[in-house]
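Given as structure tokens, the chain that follows is alone and in the form predicted on its own.
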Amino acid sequence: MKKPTSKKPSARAVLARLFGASAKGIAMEKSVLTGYATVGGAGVCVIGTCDGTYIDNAAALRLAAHVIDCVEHHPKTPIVMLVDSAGQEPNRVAEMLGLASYFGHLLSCLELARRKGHKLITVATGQAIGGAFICYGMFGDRIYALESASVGLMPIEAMSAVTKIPVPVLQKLSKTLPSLEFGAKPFALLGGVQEVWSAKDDVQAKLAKAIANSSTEDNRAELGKKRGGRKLALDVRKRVLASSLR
């Protein structure tokens, strides 16, 4: 007898879990999310992706346009950035049209929002991989992740192609090096994820608390050292900063 396979929750189910009934205010077009919802009784702006989609030029423009709309019409409203993307669009045409520039435009809009007083909170809800994670997700003041999320910057196969280190060697190293392992918990060990939310957690309450406690101070190196995932980054940073003041 076959064991029942657990299905990945739909994008709408994830949105309902995070925002309750207010999730109906979030539009979903070609797996790109834009809209407004409420968290803890307060309004939030929502941008993001779902269904593990790739981010292309058009998607980056839609996300950036919604950030601008939020800055212009909803001053200082927190921006919640949801990430479920397999990476940037692996398309030569997209690259030739300047995909990196579109990502840069999106980041510029988010930096403008931050300077205008908008809190930026990232929640990895599914895949948070590569360029798609870098182009907006990693720009959050604080990054959180659902326990089921797959968080990482480069799959081992791609890393092998770049470094020429055989895949089996990298797979063996990933058992003891969280920087090579995909997942919410390994990324939390590195300090890249502030907190991992389990299936039993009240994520609406967690998200409300995350927004309330948001800070633009970069604490990732401190977390990485405290959790044992990055033991040297904090000390190296301190030495570099100290030497620059001499």
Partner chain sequence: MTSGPLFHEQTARQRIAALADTGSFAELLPPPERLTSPYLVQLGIPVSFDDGLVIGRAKIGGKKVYLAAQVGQFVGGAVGEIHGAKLTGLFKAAARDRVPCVLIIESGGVRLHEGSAGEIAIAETMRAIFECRAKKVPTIAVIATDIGAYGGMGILSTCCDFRVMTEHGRLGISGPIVIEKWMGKKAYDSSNRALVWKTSGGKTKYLLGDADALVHDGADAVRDAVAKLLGKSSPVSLKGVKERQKELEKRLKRFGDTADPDAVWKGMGVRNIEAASLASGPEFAALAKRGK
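Positions refer to the first chain, counted from 1. If you're wondering where the values come from, they're calculated on a predicted model, not measured in any experiment. C-alpha atoms forming the largest set that superposes within 1.5 Å between two forms make up the rigid core.
Another form, the form predicted in complex with its partner chain, is not on view; read the next lines as being about it.
Relative to its partner chain in the predicted complex, residues Asn91, Met96 and Val236 are all within 4.5 Å by at least one heavy atom. Remark: of stretches 57-65, 42-50, 203-211, 22-30, the one touching its partner chain in the predicted complex is 57-65 (heavy atom within 4.5 Å).
Within this chain, Glu195 is remote from the site of its partner chain in the predicted complex, having no heavy atom within 4.5 Å.
Of the heavy atoms in Lys119, none are within 4.5 Å of its partner chain in the predicted complex. In the predicted complex, Tyr144 stays away from its partner chain, with no heavy atom inside 4.5 Å. Interface membership of Ala37, defined by any non-hydrogen atom within 4.5 Å of its partner chain in the predicted complex, is ruled out.
Contacts to its partner chain in the predicted complex (heavy atom within 4.5 Å) from stretch 187-205: Phe187, Leu190, Gly192.
Once you line up the core between this form and the one not shown, the Cα of Lys175 ends up 2 Å or more from where it was. Put the two forms on the same core and the Cα of Met154 is off by 2 Å or more between this form and the one not shown.
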